[in-house]
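We begin with a single chain expressed as structure tokens, specifically the form predicted alone.
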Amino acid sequence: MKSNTPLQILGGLTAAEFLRDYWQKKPLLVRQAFTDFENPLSADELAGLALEEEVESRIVIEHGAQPWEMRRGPFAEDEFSKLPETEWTLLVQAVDQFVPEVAELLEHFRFLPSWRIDDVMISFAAPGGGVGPHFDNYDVFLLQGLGKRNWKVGQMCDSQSPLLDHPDLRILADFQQSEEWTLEPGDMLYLPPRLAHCGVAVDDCMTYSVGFRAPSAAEVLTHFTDFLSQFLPDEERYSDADAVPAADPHQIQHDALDRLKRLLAEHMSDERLLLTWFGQFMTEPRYPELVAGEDMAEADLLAELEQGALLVRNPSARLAWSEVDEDLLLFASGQSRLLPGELRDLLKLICAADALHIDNLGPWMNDEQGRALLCELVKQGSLGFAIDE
């Protein structure tokens, strides 16, 4: 996707203009970002997903057993008939991993790195339904799919912003409205991180939320240092071979901190290890248990492909790649593989193609490393054979 092409989804802005002027800076309302939008699934189908054990879902009722009552799924079918007529919301996470038509919506957001996209959450709300004024620590695109929803935006927030005392929901105690819009099917609102917002259903409505992965500094430090520690021998420790006699043996001198910083910098600045950790972290599946492969011999894999079978990405898998000197790193569902630079086109194909088949894999069917890689990804579960329905 060219950065200088006007995009309807961005209201005629180019990707470069959107990233420069709006991304992580200010909201953008786009009327009819999707012209004649057709809802990929019905409210009943969304409720059906909330009955499933492997699907993450919640119901928020503004005036339930307590103010802003939250219930966690999976739900029993009769639970929906017991809900009030107004002021409740069903939220279902990662619907793109279970409904291919919802996953197709993400193709419109390829002007952003795919490894940054988290999932598509869908909410159904009865009239007056919402989850209260709140803020997120990540970017989000809010696409209206059914009915109308009123959105208000307010102040920028942070960890010091006062919240209501609630065990499950982070509802702002103070919401300072600055703008307001009512969205209809096909309209979309982009919100940057930490911007207070509040959505309320005007009538029965469905909203598609495209959220993004944004690890916190605490997550980066905690997870990277855990990863890094695997490669450090026990004998590598703080040392002070250049020490001078202590004037006061009870005082920690600043030269000790300098040695400590050098010890940390030596390992924290290892770009190759940082890239390996980051790629694995950002491709970790939301539901690892759904990325399950099958033990398949390479010969059987080739035979299936030669008979016209299609290899497709597991909907729960995440793929990305990067360069390391002359080599390449493929990241697949939280794992990484170092590969020779000659496989660049194959890696790009694996990450981007809707399906892999004998025609687009042709040049690689005779490549030993390419065949081995495809077999590994099937065994791991990131790739699998398409099933005719």
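Residue numbers run from 1 along the displayed sequence. All figures in this text were calculated on a predicted structure; none of them were measured in a lab.
Below: the form predicted in complex with succinic acid (SIN), not depicted.
Participant: Any of the heavy atoms of Leu142 lying within 4.5 Å of succinic acid (SIN) in the predicted bound form?
Facilitator: Leu142 belongs to the contact set for succinic acid (SIN).
Participant: Find out whether any non-hydrogen atom of His134 is located within 4.5 angstroms of succinic acid (SIN) in the predicted bound form, and reply yes or no.
Facilitator: Yes, His134 sits close enough to succinic acid (SIN) in the predicted bound form that at least one of its heavy atoms falls within 4.5 Å.
Participant: Under a 4.5 Å heavy atom criterion, is Trp277 part of the interface with succinic acid (SIN) in the predicted bound form?
Facilitator: Outside the cut-off, so no.
Participant: Are any of the heavy atoms in Thr207 no more than 4.5 Å from a heavy atom of succinic acid (SIN) in the predicted bound form?
Facilitator: Contact check for Thr207: yes, within 4.5 Å of succinic acid (SIN) in the predicted bound form.
Participant: Would you kindly say which of Gln97, Thr89, Gln93, Thr283 lies with a heavy atom within 4.5 Å of succinic acid (SIN) in the predicted bound form?
Facilitator: Checking each option against succinic acid (SIN) in the predicted bound form, the one that comes within 4.5 Å is Thr89.
Participant: Out of Phe212, Phe175, Tyr190, Trp151, which one falls within 4.5 Å of succinic acid (SIN) in the predicted bound form, going by heavy atoms?
Facilitator: Selected option: Trp151.
Participant: Based on heavy atom distances of at most 4.5 Å to succinic acid (SIN) in the predicted bound form, which listed stretch, 257-265, 98-106, 244-252, 120-128, is the contact stretch?
Facilitator: This holds for exactly one stretch, 120-128.
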